[in-house]
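In what follows, one protein chain appears twice in different forms, each by itself as structure tokens: structure 1 and structure 2.
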Structure 1
């Protein structure tokens, strides 16, 4: 009897282990699928309309062009308002970032600590603007399955300003719907709402609404004129291109 009991406990433990492993496997797979949806294109060009909305509802609009190749090359150039037109950012592999200020007349290397900061007065950080796959940055755990979405809890693999991020991922198309960012004290500090639209073979984040819950400030980033896989050359992601 004692032997049977031991066998039963062992079976349950093995079973539980298998279930846990399956869940972990699922979370990893789900996150990888989300990365595929977000980053599978070879390159992308588009226009970006950035709407800053303060607590009182007052809006400010900025416009930019964006070019991206793979997951680690990106050129972002402001076209409006006049005070910012011409300011450009180039991100390259290995945390190498340059900024071009027309008034400065040359490129300037940006300290990688800039990644902690908000990008050009928006509620997005430089890190949010990167295209590094989430599965590279976070360890996922499936915490809930809703009617339309999987909810994952992501724990940063390296030191971060956030203790965790929860992400709701569309069950059928695997794009993110909502991301919630928690500080080290466990308080929700930021949330991003995504609206995806299909362009050709790819799902495109037509609008990302990022809200800083502490400040009550929101930034909407809307993408238009998006083109995928146009064969962008590496020439477009050089300091030479940045300063021209």
Structure 2
């Protein structure tokens, strides 16, 4: 009888371990599929309309260009208004980021400790702007399955101002729908809403709406004139290109 009981307990434990492993693997696979949607193109160019909306509803509009290559190179440059034109951001492999401010006439490297600071007065952080797949930055856990979406809890793999990020991922097309960011006290402090549209073979983030819940401030990034796989050179993603 004791032998049968021990065998039953062992079977249950093994089964539970197998289920947990399967759930973890599913979460990893789902997040990797989201990364594939967001980084499957060889390269991308486009224009961004940036709309800053304060608590009173007052709007400020900026314009920018964006270039991306592979999963780890991105250049973002403001083109309007004149007060912002020329401000540029460069994301490179190995957690390397640079900012160029024309008023100072030189680039400066962004320290890893400053990644969660706001980028150029928007509600996006430097970390939001960098080009790094989410599966490299976070450990995922599947916490809920909704009618149209998988909901993952993402835990940072390195020290972060956020304790976790939850992301709702479209069940069929695997693009993000909503991301919610929680501080180290467990409070939700900002959220990003995504609108995707298909352009050719790729799903494109036509609009990202980032809201700072503490400040009641929102930034919308709307992408237009998107072109994929045009053969961008690595020379377009250098510090020399950043300051031109």
Partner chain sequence: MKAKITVLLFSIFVAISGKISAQEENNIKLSGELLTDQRLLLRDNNDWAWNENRLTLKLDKQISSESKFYSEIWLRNIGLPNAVHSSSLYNKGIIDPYNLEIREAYLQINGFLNKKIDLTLGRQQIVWGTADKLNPTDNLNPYDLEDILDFGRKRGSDAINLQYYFNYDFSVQGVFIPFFQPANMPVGIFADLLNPSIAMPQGMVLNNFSDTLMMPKYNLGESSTVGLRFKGFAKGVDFSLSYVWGYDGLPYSSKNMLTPVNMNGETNIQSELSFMRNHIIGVDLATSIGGAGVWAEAAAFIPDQDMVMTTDLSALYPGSPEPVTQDSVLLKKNKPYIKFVIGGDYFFADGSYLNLQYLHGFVHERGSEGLNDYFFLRYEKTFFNEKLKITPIGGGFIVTDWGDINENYAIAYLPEISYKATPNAEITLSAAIFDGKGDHLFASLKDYNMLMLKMKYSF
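We call the rigid core the largest set of C-alpha positions that still match within 1.5 Å between the two forms. Numbering follows the first chain given and starts at 1. From a predicted model like this one, the values you see are computed outputs, not experimental measurements.
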Can you tell which of the two structures I gave is the form predicted on its own?
2
Aligning on the rigid core, do we see the C-alpha of residue 129 shift 2 angstroms or more between structure 1 and structure 2?
no
For residue 97, decide whether the Cα shift between structure 1 and structure 2 is 2 Å or greater, given a superposition on the rigid core.
yes
